[in-house]
Every structure is written in C-alpha cells, then in structure tokens.
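Only one chain is included here, represented as structure tokens and corresponding to the form predicted on its own.
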C-alpha cells in the first residue's frame, strides 16, 4: 500500500524524486494544505480502491495514517 500511495503522492505533487515513508508528514514534509489533503484522499479512494470515512480526515497527519485508516 505504501508503494502505491507513494506513486499517487508523487503524481499529485508532480515530483518523482519525493522520498516517502509512513512517518512522512503531509503538511510539514510534503507542504499539503487541507484542501490538498482532501483531494489526495479522494484520489486515493478512487485510484487505490479504498475508503476513508470523512470523519477520519481530521486525524490524517502522516502517510501512515492514510494506510491505517483505509477500509
């Protein structure tokens, strides 16, 4: 899952050189805004065939949080 999410984030950011692990902060390390994070989650749901409940969005701080919250 981390590998697929990494590819998705690299595509979203337009930067193939981004190094990502589960501890990568979406805001601090990747510079995502809250709107970016919503879009990233929507893209992940669509392209990775996962579901993350809307009420969980506020709890997503790292790449690992997305992985753990997937249903």
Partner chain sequence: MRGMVYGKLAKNYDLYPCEEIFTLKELLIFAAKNHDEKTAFQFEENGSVTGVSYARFLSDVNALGTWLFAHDFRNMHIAVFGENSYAWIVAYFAVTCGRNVIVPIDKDASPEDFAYYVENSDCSAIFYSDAYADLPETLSPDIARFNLKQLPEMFAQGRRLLDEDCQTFVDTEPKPGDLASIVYTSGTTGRPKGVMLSHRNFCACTCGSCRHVNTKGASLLTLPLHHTYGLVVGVFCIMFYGCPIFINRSPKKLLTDFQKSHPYFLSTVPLIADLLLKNIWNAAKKDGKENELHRLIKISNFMLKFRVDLRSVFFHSILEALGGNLKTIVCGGAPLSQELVDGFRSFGIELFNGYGITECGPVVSVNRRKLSVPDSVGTPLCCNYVKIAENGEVLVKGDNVMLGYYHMPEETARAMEDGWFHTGDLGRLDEKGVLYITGRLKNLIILGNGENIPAEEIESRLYTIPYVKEAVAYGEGNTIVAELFLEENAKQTQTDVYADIKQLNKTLPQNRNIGKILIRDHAFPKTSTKKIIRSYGGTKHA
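Residue numbers count along the first chain shown, from 1. These numbers come from a predicted model, not from an experiment.
The form predicted together with the partner chain exists for this protein as well; it is not shown, and the discussion that follows is about that form.
Trainee: Counting only non-hydrogen atoms and a 4.5 angstroms cut-off, does residue 10 reach the partner chain in the predicted complex?
Mentor: Because no heavy atom of residue 10 falls inside 4.5 Å of the partner chain in the predicted complex, the answer is no.
Trainee: Taking heavy atoms only, is residue 52 within 4.5 angstroms of the partner chain in the predicted complex?
Mentor: Residue 52: yes, in contact with the partner chain in the predicted complex.
Trainee: Indicate whether the partner chain has at least one heavy atom within 4.5 Å of a heavy atom of residue 20 in the predicted complex.
Mentor: Output for residue 20 is no: heavy atoms all beyond 4.5 Å of the partner chain.
Trainee: With the partner left out here, check for me: in the predicted complex, does some heavy atom of residue 37 sit within 4.5 Å of the partner chain?
Mentor: Yes - in the predicted complex, heavy atoms of residue 37 and the partner chain come within 4.5 Å of each other.
Trainee: Quick one: name the residues from 8-46 with any non-hydrogen atom within 4.5 angstroms of the partner chain in the predicted complex.
Mentor: Result: 23, 24, 25, 27, 28, 29, 33, 34, 35, 37, 38, 39, 41, 42, 45.
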